[in-house]
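Okay, so here's just one chain, in C-alpha cells, the form predicted on its own.
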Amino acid sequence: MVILISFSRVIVGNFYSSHSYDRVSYNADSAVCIDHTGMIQQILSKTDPNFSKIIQTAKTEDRLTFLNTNEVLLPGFIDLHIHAPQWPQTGTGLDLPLKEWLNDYTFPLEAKYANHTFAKKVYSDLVSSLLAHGTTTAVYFGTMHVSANIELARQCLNFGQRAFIGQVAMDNPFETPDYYRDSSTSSSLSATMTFIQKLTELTGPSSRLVKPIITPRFVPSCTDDLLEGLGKLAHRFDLPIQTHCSESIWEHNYAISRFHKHDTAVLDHFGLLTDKAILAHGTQLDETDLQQISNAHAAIAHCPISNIYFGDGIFTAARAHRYQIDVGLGTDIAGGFSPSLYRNIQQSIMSSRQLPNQSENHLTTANAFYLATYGGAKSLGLKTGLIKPGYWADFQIVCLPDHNDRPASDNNQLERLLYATTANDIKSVYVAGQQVI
C-alpha cells in the first residue's frame, strides 16, 4: 500500500535549475513537493505513479499551486553584496571616483541611520523591493548603528527574506570622516559584539533566516588592531565575514602602500581570509591572490554593474572558477544602480565579452544563471539555489516573455527570460516554502 505524504505545498509546472556551472536543466510538468520545514522533499515527474495522487491530496488540502503555461519556476536569487543604507542614493554620483563618491554621498547618508525612523522606512522599502525582484537571500552591509542594523533584521524577518547582516566596523581616522566612524577600536569591537548578541536575542540562537556576519568595511577604513580584533571575533563565534577586496586601483594601491602587500594577504594576516569569507569585487586580483583565496576556500562576490563605475577593471569570473573559487553575484547597491540580479546577470555576460581575445573567459547565460543561484548559495554554505530535494524551497515564479515562439524546453527560452524579465514579470516569490511576494 502506498502511503501518501501530506506536504505544506506542492508546486506543479515547469522549472529551470543549474545542473552544473556550464549547464542548466529544464524539467517539464513536475511536482515540487515542499515539507513542513520549508525544504524540498521530493520532485515527481508526470510519469511517476504517485504524481496524480499527490496532486489530488494537495488540492484537497488547499496546498496546491499550479503554474500557468506561460509561467516557469526558478530558484530564488542570492545577492552576495548589498549596502543596505545606500538604497536612497541608488543611481547617484556614479560619475565620481570611488573615494570622492564615498565622502560626498555615502558617508553623509549612512550617518543619517542614527535616526531609527529613517532606518525603518528605508529598510522596509529595500527588503520588499529586493524580494519583488526575485532575491530570496541577501548579504547586507549595515551601518555603524546597532539599532538601525537590528531594524534591518526585523524587516527581513517581517518580509521573510533570508539574510546575513553586518555591523560595519570602521575606525581609521585617516580614511573615514570624524562624524561617521567608530570612536575607537574597542568601541567598534564592542558594537559588533552588541549587535551579534541583540540579533541572536531577536532571532534565536539557531535562526535559519537571519544571521550576523563580521563586517570590516575594507582595509582603508580599519586600523590594524580592528582588523585583528574582527578576525578573532569571527573565529570565536564561527561567523562568516564580508569585506571589499581589490575593489579598485585606489584600494589596491592603498594596501600596497600601507602594508607592502595586496589586501588579500592583509586579510589573511589578520585572520579574515577564511572558508566563510565573502570578498567583494576583486577586479585587481592577480594569480597569486586567486591561489591564496582558493587555498583559503573563500568566495568572491562579483558585482558587474558597480565594477563598471568603480572597479577600474573587469573581474574575470571564469578565471576564478578555474581556480575552484566559489563565485556569486552582487548588486552592490548603491555602487550598482539596479536592485535586480537579472540586470547583473546581463552585465556579467556583457562585461566578460569585453575581455580581449580571451573567449575562455566569456560567460554564457548558463554560467551567469549559476552565479546568481547556486554559486551564491555555495559561497554562503547554504542549501538553496537549486530546485532539488534536500534544498530550501526558495523560489520565484516568472511569466515567460510574451514574444515566445519556441517551446519552453528550448534553451533559448531561458536566455530570453534572463534578458527580458523585470519585477513586473515575477508573479510570486517563496522563501522556505512560504509565499512572501
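Just so it is clear, the structure is predicted and the values come from calculations on it, not from any experiment. One-based numbering along the sequence shown.
FYI, the form predicted in complex with a further copy of the same chain isn't displayed, but the following is about it.
*Please check if Arg353 has a heavy atom lying within 4.5 Å of any heavy atom of a further copy of the same chain in the predicted complex.*
Judged by the heavy-atom cut-off of 4.5 Å, Arg353 is in contact with a further copy of the same chain in the predicted complex.
*asked:* Whether Thr274 contacts a further copy of the same chain in the predicted complex should be assessed with a 4.5 Å heavy atom distance threshold; does it?
replied: Thr274: no, not in contact with a further copy of the same chain in the predicted complex.
_Just checking whether Gly204 would be counted as a contact of a further copy of the same chain in the predicted complex - the rule being heavy atoms within 4.5 angstroms._
The answer is no: Gly204 has no heavy atom within 4.5 Å of a further copy of the same chain.
*Is there a heavy atom of Asn412 no more than 4.5 Å from a heavy atom of a further copy of the same chain in the predicted complex?*
Within the cut-off, so yes.
*Candidate spot Trp87, Val122 and Tyr309, all three touching a further copy of the same chain in the predicted complex (heavy atom, 4.5 Å)*: Checked in the predicted complex: all three residues contact a further copy of the same chain.
_a further copy of the same chain: the contacting residue among Tyr254, Tyr105, Tyr323, Phe218 in the predicted complex [heavy atom, 4.5 Å]_ = Among Tyr254, Tyr105, Tyr323, Phe218, a heavy atom within 4.5 Å of a further copy of the same chain in the predicted complex occurs only for Tyr105.
*Check each of Asp95, Glu360, Asp178, Asp238 and return the one that places a heavy atom within 4.5 angstroms of a further copy of the same chain in the predicted complex.*
Contact residue from the list: Asp95.
*Determine which one of 286 to 294, 340 to 348, 256 to 264, 137 to 145 lies within 4.5 Å of a further copy of the same chain in the predicted complex, judging by heavy atom distances; exactly one does.*
Every other range fails; the passing one is 340 to 348.
*asked:* Heavy atom within 4.5 Å of a further copy of the same chain in the predicted complex: which residues of 285 to 306 meet that condition, in order?
replied: Result: Ile305 alone.
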